[in-house]
Each structure stands twice: as C-alpha cells, then as structure tokens.
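Consider the single chain below, provided in structure tokens and representing the form predicted on its own.
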C-alpha cells in the first residue's frame, strides 16, 4: 500500500457509477432537491424531514444584495479587467470573511451560548437572553446578526422564520434569537431587529450544523448573484472602468407581484 493512500467518506467513483454518501447519484437525480443534496453531502445522511426545504430558503434569502457588497464589487472589478469567469467568482468569494458573511458564524456561537446557559441553569428564556446581552456588552463585543445598515426590519427574517415554523423546524434557537432581539433592543434603547444573518444562524443551529460551516452557506447562496453581476459587467459596461461602491442606478423591472403557488 502506498504511503500516499488516503481515505474519504464522501464520494465513491467507479466506471459507470457515482456514489454520494453511499447513494447512487443517478438515482438521486429528480428525486431529491438541491437542498436535500447539500444536507446529504455535509451530514452524510438524507434529511429526515423538511431540512432540505429550509436550506433552499436560506440560499434564496441571500442570493444577492445589490451592487455594493464587497463580494460583488470585487467580482465586478475583476470582471472589468477581462479576467475569466472563474477568477471573478473566486475574487468575490474571497471577499466573504469576518465582516461580510461571517456574522452568521458569530451569531451561531452567540445563540449556542444562550441555549447552553438556559439548559445548564434552567433559566427562563428572557433571563438567558439578558445574560447573553450583558455578557457581550460588558466585554465591549458586538452581537452579530442584529441590526442592519439599511433595513429597519429585514424582510427576509420574517419569511424565513414563518417557513421554519410551517415546516416544524423553529425551536429553541429561533426562540433565543427573538429573545436576544428584545433584550438587546431594550439595552441599547433602539430597535435591533434580527437580520438575515441572524435568522440564518438560528436555522442552521436548528439543523445542527457546526458554526464552522456557516460561511459555506453564504458562499453557496451568493455564487449565482455574483455570476449575474459578472455577466452584466461584461455585457453592459466598458472594461477597466472606475466602479463607484454606492452611486448605482437600478434600471431593471419594477416591483412585480408573486403569482405562483405558495410553497408549503
């Protein structure tokens, strides 16, 4: 046996056969959703319930947020130089880190601390949330996942939590997020609503994903948006242009009502 031999438990590839966590990939095609496949790849088992639906809702919720986020600006700037699509996408992904997308992981840790404290001390939900807020404020640390530079009430949060409740996923972490929102708003004497990062953090905790995987969900979600911006940059703008981070005029379709069937 070679000293270079190593093992993987994710995918087995043989002539005319591909196994993902033991399941034939061709048998999964058309039978499971992309969210289910992500759960299978990361967890090693098919989701037992609506976890795949929750993952897909998360991916849709942060697919894009305009032209000003660092990842979008980085991708457009690289595309403007004439670089390949892969380079522009990679540049956008590399911009996702502690201060852009990283709030999900930070918030997952905060919510886990609060739930653990509540479990260990049998404290009431509101008391546990106040303990979390005081703990972070006393150390001069920001609690990520709450408040937003643009949205006074992030519309994505309400929808994610609505679906999570419908699909039977909303539990103690969603409850903790709501309690921290109340405690933090009271402490700071101004509204500190749960933003999309905080909502996603709560749902990933409910699905028992490790915080170390949080950035992965933001990256998976944002790639289609980055590709759209890169293609638009190439097809609509002059090469090597100076890209202003905020002076952006939207000229796409005006608001359109959703006329399809509601996802249940």
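Positions refer to the first chain, counted from 1. Every value quoted in this text rests on a predicted model; they were computed, and no experiment measured them.
Just so you know, the form predicted in complex with another copy of the chain exists too; it's not on screen, but the next bit is about it.
K.L.:
Does the trio 84, 219 and 228 actually contact another copy of the chain in the predicted complex, every residue with a heavy atom within 4.5 Å?
P.N.:
Yes, all three are in contact.
K.L.:
Based on heavy atom distances of 4.5 Å or less, which listed stretch (98-106, 117-125, 174-182, 133-141) is in contact with another copy of the chain in the predicted complex?
P.N.:
Looking at the other structure, the answer is 98-106.
K.L.:
Whether residue 207 contacts another copy of the chain in the predicted complex should be assessed with a 4.5 Å heavy atom distance threshold; does it?
P.N.:
Residue-level check for residue 207: no, no contact with another copy of the chain.
K.L.:
Please determine whether residue 66 contacts another copy of the chain in the predicted complex, using a 4.5 Å cut-off between heavy atoms.
P.N.:
Yes - in the predicted complex, heavy atoms of residue 66 and another copy of the chain come within 4.5 Å of each other.
K.L.:
Evaluate residue 166 for contact with another copy of the chain in the predicted complex, applying a 4.5 angstroms cut-off between non-hydrogen atoms, and reply yes or no.
P.N.:
Contact with another copy of the chain, no.
K.L.:
Would you please decide whether residue 215 lies within 4.5 angstroms of another copy of the chain in the predicted complex, comparing each non-hydrogen atom pair?
P.N.:
Flag for residue 215 set to yes.
K.L.:
Listed by sequence position, which residues of 237-252 have a non-hydrogen atom within 4.5 angstroms of another copy of the chain in the predicted complex?
P.N.:
Heavy-atom contacts within 4.5 Å come from 237, 239, 240, 241, 242, 243, 244, 245, 246, 247, 248, 249, 250, 251, 252.
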